[in-house]
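Next up is one chain by itself, shown in structure tokens, the form predicted on its own.
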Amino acid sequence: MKAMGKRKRRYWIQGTLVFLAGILFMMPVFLIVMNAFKSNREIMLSFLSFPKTLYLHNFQEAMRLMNFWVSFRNTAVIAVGTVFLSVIVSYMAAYGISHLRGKFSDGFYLFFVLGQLVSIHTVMVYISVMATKFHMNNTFWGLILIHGGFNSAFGVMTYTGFLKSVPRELEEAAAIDGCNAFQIMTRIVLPLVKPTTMTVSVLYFLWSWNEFLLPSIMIGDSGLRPLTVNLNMFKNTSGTEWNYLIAGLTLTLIPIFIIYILAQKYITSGMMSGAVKS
């Protein structure tokens, strides 16, 4: 009984600490949403106080100034295109690496993993020169290619760990039944890595949706700008229109929250699957 009491007390302490940590991490989001309903004067006077009234004009004006629905479409096209390209490249590369033997497998795997160590900021000048030379500026496909290239390193690392645990007997049985290599890869093995695919897809989407630096450099046409770039328009030389900026930021966060909540269980299970190695 005494041991059971100690165990329950430990669980309560752990639960309380996790709850407090959750509140701490969610506090910035709560403050952003709360201040989205304030006028600019209220925000400047007290950022931490609750709004006196729900000032909805912020959202209307932010959507108008940002050209919200056009920017939303642009962001969605870039994000979905990035997910599609990145998943295909990551999976095919990881499948090949997992079937190589000896040093070739380790060498290619290390090559892709090293891509995780290269920050996009360190090669931004070279990317800008390349984008100009190949006419990739002011195009969605240019952003998708570059995003996909940088994201693939993480995808290969995640997929490879899981693919190495897939029994070879399963693929051999499919080959005996008449499946070629492409059919085995797409019809037999791909359904087995669904949790990993969901994980990398959601993460690719979030990274692409939140990206600011690359679109701000490559996209100059106002009709092609994503949400993150148009949010920057509320900052000017005379100051920052905080009420519009925060309202626009809140609108931008809504799709991310919805997708993350819906796919949370897949993210957790996919990361656990990717950690398994044969």
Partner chain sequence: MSSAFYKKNTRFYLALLIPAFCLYCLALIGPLFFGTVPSSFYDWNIIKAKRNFTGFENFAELIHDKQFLTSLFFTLKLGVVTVTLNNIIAFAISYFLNENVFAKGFTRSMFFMPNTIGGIMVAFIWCFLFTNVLPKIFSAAGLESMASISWFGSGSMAFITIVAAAVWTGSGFLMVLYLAGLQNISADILEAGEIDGCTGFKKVILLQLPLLMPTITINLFVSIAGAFKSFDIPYAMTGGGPAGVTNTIALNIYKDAFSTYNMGYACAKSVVLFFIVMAITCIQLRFTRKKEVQL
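This one's a predicted model, so the numbers in the text were calculated from it and none came from an experiment. So that the term is clear: the rigid core is the largest set of C-alpha atoms that superpose within 1.5 Å between two forms. Positions refer to the first chain, counted from 1.
The next section is about a form of this same protein that is not shown, the form predicted together with its partner chain.
Not one of S71, P195 and M198 places a heavy atom within 4.5 Å of its partner chain in the predicted complex. The closest non-hydrogen atom of I217 lies within 4.5 Å of its partner chain in the predicted complex. At a distance threshold of 4.5 angstroms between non-hydrogen atoms, F37 is out of contact with its partner chain in the predicted complex. Though the partner is left out of this view, L262 does not reach within 4.5 Å of its partner chain in the predicted complex, counting heavy atoms only. When its partner chain is considered in the predicted complex, S49 lies well away from it, no heavy atom lying within 4.5 Å.
Contacts between stretch 244-261 and its partner chain, counted in the predicted complex as any heavy atom lying within 4.5 Å, involve L245, I246, L249, T252, L253, I256, F257, Y260, listed in sequence order. Superposed on the core, the two forms barely differ at V70: its CA moves less than 2 Å between this form and the one not shown.
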